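Single chain ahead, by itself, as structure tokens, in the form predicted alone.
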Amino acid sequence: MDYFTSVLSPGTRQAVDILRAFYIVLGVSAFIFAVVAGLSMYALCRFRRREGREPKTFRENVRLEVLWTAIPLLIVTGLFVVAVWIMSLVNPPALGHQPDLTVTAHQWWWGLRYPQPGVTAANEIHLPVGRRLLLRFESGDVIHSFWVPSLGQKIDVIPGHPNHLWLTLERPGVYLGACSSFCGMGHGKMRIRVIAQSTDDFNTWIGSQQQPASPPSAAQAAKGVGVFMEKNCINCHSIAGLVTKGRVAPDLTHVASRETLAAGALTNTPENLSRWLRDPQSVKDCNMPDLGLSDDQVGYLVAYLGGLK
């Protein structure tokens, strides 16, 4: 699967429009630079100081004053029209539209809720290609910013003030980004993965996410459930099919199906999961405490969580 991390590799129709506006502004700026630099070089050569020659002076050249006022005004007006046109294409008002996905920013992870299919996930955003989608952004604590360069726009996520973003993904792939507004000591590892999929693959993923967690069959995994309950992990995390009430940490119902752990800080492997459970603060600044787990308890939890696909 291809990975995209640059504004010059647009992955949405909206990002293509924004890049088009950038090229227009760049072209106008290059033209102005060429004219100003050319006239300056001409003046330096044509009117350089010579023996016995003094430069002429003049006052109140109305024609010249109108010219250097009108041309910049026309340029600025043209760029204003382009900006309004691109804004109307990229992000029209979301009034009356129900979001396809609600993204809630937390210190330091992303909560995801797909309202129509009733799916809850975390950190890795799955979206279908070719559909016009509306994303709603909320904050659970402080100011964050959602920034995935190839998607085109940076969206500020402000407490008490939801923002919206329209997306139409054009090609499958993984689009990488991060929170771009300092939100605490764990900010540097609050990463984003947008996984664009074909409609069939996305529907398959939604169907798998709608299923409750499979009950553990192996003995070690069954013991992991006991450790999960005993250590009060249920107070922060939720697992569908298990009696849990946590809402302040990522949903773990299908944690084993994710490619990363800790909002992209680690690749999702048994070894990294074990490292995370032993000492989360050594991986990133986070709100998850060191639970003082024994080696056996870590092994049981890895067996249990590793089976939640």
Partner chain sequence: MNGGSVPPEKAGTVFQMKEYKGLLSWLSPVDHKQIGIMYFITSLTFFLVAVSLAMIMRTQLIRPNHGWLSSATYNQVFSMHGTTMVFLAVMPMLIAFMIYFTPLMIGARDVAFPRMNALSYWLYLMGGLLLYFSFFTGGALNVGWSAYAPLTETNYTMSKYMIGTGVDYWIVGLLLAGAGTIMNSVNILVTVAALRAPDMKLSRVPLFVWMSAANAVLMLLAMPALNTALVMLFLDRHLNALFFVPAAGGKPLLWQHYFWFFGHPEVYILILPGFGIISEVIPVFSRKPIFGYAFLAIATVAIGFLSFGVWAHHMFATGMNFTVYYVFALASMLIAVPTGIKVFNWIATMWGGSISFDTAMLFAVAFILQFTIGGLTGVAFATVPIDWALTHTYFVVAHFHYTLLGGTLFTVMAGFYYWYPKITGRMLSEKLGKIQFWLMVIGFNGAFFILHFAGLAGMPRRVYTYPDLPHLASINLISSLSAYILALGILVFFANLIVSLRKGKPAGDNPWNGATLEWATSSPPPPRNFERIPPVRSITPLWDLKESGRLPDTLPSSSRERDNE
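This is a predicted model, so every value here is computed, not measured. Positions refer to the first chain, counted from 1.
What follows is about the form predicted together with the partner chain, which we do not show.
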The partner chain in the model of the complex: contacting segment from 187-195, 210-218, 225-233, 130-138, heavy atom within 4.5 Å: 187-195
With the partner left out of view, is residue 242 within 4.5 angstroms of the partner chain in the model of the complex by any non-hydrogen atom? no
Does residue 238 reach the partner chain in the model of the complex if we count a contact as any heavy atom within 4.5 Å? no
Given that the partner chain is not shown alongside this chain, does residue 206 nevertheless sit within 4.5 Å of it in the model of the complex, heavy atom to heavy atom? no
Can you check whether residue 174 is within 4.5 Å of the partner chain in the model of the complex, heavy atom basis? no
Taking the partner chain in the model of the complex, which residues of 218-235 have any heavy atom within 4.5 Å of it? none
